[in-house]
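Consider the single chain below, provided in structure tokens and representing the form predicted alone.
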Amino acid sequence: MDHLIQRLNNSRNVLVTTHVSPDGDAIGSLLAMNLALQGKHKQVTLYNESPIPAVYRFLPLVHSVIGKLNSAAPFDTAVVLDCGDLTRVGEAASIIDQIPEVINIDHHITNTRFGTCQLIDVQACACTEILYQLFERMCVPFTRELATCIYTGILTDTGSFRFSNTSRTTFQICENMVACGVNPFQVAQHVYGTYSLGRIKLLNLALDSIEISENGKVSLMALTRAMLNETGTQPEDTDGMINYARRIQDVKIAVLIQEQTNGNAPCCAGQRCPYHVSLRSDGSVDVAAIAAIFGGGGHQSAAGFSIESTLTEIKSQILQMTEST
């Protein structure tokens, strides 16, 4: 960690990024790192290929995140957060790979150890937990804004402290963040308390799409571009929907198959298209191992991969692979 701190201290113009379709931990990490580096008088650029979900737009300086990266030239350092592989940042991966110093901070067991410097802790409940430890070592003051980013990342990546990655350390950090001024009620209201009508309609379609395997152990949910068009929603509105499929009685693995077609044109039936597949388990099945077969990765209980195929073929492949679950 000291070696990484030295590299951050030596940096001047820093790009900070995280994975596409960012969740609360990714966004919390992105904004927390921004606040910490700005406090060290660094020039910081925040990048994410995907739009920030509406429920996280209350976080400090979220509107400074840019969605297009044209050149690596201005940057001497890149900090890549919550990514098991550099390709998870999306189309800008090749640009980021040209930056002289690439710092990889992550908690995924399938991390490929990319970059020139790594800080990987697979025991951490969230990337924001790792940042908390890092900032303590760097003597970064925990302002209310910074604490809110850390707290939000931990809250969401532990499923509101319901997932198996929740530990004593999780609660200790969150207690400290509350002492720094975080209002848990207000954070929860933003993250869980308000949805657009379109998102509710999309959830209805998503629930109607659920299929259960013959043995009752696997649930599959599909979200298509046609559904987004019908409800006037965006991909970021799908955040958290897989949890409904995961909570079905006796289900051990929940699968969300999400169409990734660019633009607004939906895939035709039977057409091969890009999809992102998210996997969640009750802890008894290592879904990271399943994702790895398709070139993806993640955690034992939460993983994912991208694939170009038809919806029917994806469902068939997953069901064949999990039929003994």
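Not measured: the values here are computed from a predicted model. Numbering starts at 1 and runs along the sequence shown.
Keep in mind that the form predicted together with guanosine-5'-monophosphate (5GP) is not shown, yet the notes after this line are about it.
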How about His108: is it within 4.5 Å of guanosine-5'-monophosphate (5GP) in the predicted complex, going by heavy atoms?
yes
Should Ala303 be counted as a contact of guanosine-5'-monophosphate (5GP) in the predicted complex, where contact means heavy atoms within 4.5 Å?
yes
Is there a non-hydrogen atom of Gly296 within 4.5 angstroms of a non-hydrogen atom of guanosine-5'-monophosphate (5GP) in the predicted complex?
yes
At the 4.5 Å heavy atom threshold, is Ser278 in contact with guanosine-5'-monophosphate (5GP) in the predicted complex?
yes
Given the stretches 203-211, 163-171, 185-193, 84-92, which is the single one in contact with guanosine-5'-monophosphate (5GP) in the predicted complex, using a heavy atom cutoff of 4.5 Å?
84-92
